[in-house]
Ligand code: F0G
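A single chain, nothing else alongside it, follows as structure tokens in the form predicted alone.
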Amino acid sequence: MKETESRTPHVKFYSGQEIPLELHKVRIVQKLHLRPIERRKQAMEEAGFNTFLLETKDVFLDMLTDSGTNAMSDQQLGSMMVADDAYAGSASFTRMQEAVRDVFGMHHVLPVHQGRAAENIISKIFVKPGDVVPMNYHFTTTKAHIDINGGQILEIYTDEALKIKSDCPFKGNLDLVKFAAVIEKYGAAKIPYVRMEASTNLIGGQPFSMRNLREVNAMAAKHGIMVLLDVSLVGENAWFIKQREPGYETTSIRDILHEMCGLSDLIYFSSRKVSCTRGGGIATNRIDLFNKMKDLVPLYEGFLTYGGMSVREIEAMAVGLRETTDEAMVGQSPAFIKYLVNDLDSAGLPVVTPAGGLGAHIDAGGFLPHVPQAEYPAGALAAAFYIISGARGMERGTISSVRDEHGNDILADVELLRLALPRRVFTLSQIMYVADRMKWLYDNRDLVGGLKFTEEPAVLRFFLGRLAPVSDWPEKLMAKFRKDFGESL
């Protein structure tokens, strides 16, 4: 069996339990610190009750994101030692370009320093004032770039997408009936592209099916509309297609990736996610699209053969992209996520099901029904969970939304606390700790109150905004924790 062929990332134990099994060994470690709860509460206050503003020294388990936090392999680290640091025409770029062609089947490649840099270039070239961009769900930076260039996003997800508990295997599908209605209403000339996000970030890392992508491609092609695929989490989406979609059980991840990208005119990615390195890229098989975009890379990113990245990152990216075709690697994080989600779900906690990619997503609205959306329940849950556990998650709710022209919050479709599980980073005991502390918090959820903004940036406020509790609930939560755990951390 070749190393890149499909492997099962979990086994059934003699006890009957299905437990995820790591098919890697740890050879380099980084020391962690679990601060006392008093310090964690103080750190949360210093951070303005925004987990983005916490310092690493105060974080035990960093589950904020999988962006740039995945573990690199020994092969990736080794590749960085042979980088070609030429400003132009670097051999490192040639190796990265060959990896993109091999893994995604896309011939023309533009390097950029990260995913949102790709969004900047794509939006500047293709989005005009008055345009609409339909998609299966937006991402925060995607929406911002389209808005800045005068466009409007149209989320045309299916009815299953926002259901917290569901057995639908592909909640990330785009609704074809709604897509047809958008074309009828606005006309194809006002639709520069339809965007599909592989494993929808903001609604629980939910995948779309190959059948759905094929149908989107057919409808778009009929009307001359481009298909744009965000492949930042495409490895996980491919893994779910292999696990869940009839007919793909024995298909390799590489072949699934080729089919997905073959149904797209243009792809872009954050390498921080897809290949466990910093950087990003845009790729296409259409020379006309490539030529429209290439002049903006030297303007915004750097030369065409480094795109704002160090050549060491480019070398590691090339290796990481190829590792994305290895099921043992790409399936490890979804297996851990599934374990955590099933554990919390079986205990009665409101968690998004079925388990998706990227992380476990807690339904903050169901967890804290007494906290109104105007007081940001997902942000409050993220702050409370950090205080009682030292684990840093990310708010994916109304704090991550925006205000309307009248200054009112546009309430999020769902209020989620995301607990990201970067690839090959956490141990099973750490996942069990997270589940234990989350269960305790659920039993004491009435102690958690809401938040209010004290400093609010006009754009992407969830990154740097500061908030404060609307009552003294953090003190009450800490007191109950100490009562139950004593001097335990």
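Start at 1 and count along the sequence shown; that's the residue number. Only a predicted model underlies this, so the values are computations on that prediction, with no experimental measurement involved.
A second form of this protein, the form predicted together with this ligand, is not displayed here; the remarks below concern that form.
- Residue heavy atoms within 4.5 Å of this ligand in the model of the complex occur in exactly one stretch of 307-315, 291-299, 139-147, 244-252, and that stretch is 139-147.
- Note on the partner interface in the model of the complex: the residue among 201, 264, 92, 333 having a heavy atom within 4.5 angstroms of this ligand is 201.
- Site annotation in the model of the complex: the residue of 258, 286, 124, 116 reaching within 4.5 Å of this ligand with a heavy atom is 116.
- Not displayed here, this ligand is approached by residue 232 to within 4.5 Å at the level of heavy atoms in the model of the complex.
- Contact check for residue 70: every heavy atom lies farther than 4.5 Å from this ligand in the model of the complex.
- This ligand is not shown here, and in the model of the complex it never comes within 4.5 Å of any heavy atom of residue 109.
- Taking the partner from elsewhere, residue 270 is found to have a heavy atom lying within 4.5 Å of this ligand in the model of the complex.
- Residues of 165-198 that come within 4.5 Å of this ligand in the model of the complex, judged by any heavy atom, are 195, 197 in sequence order.
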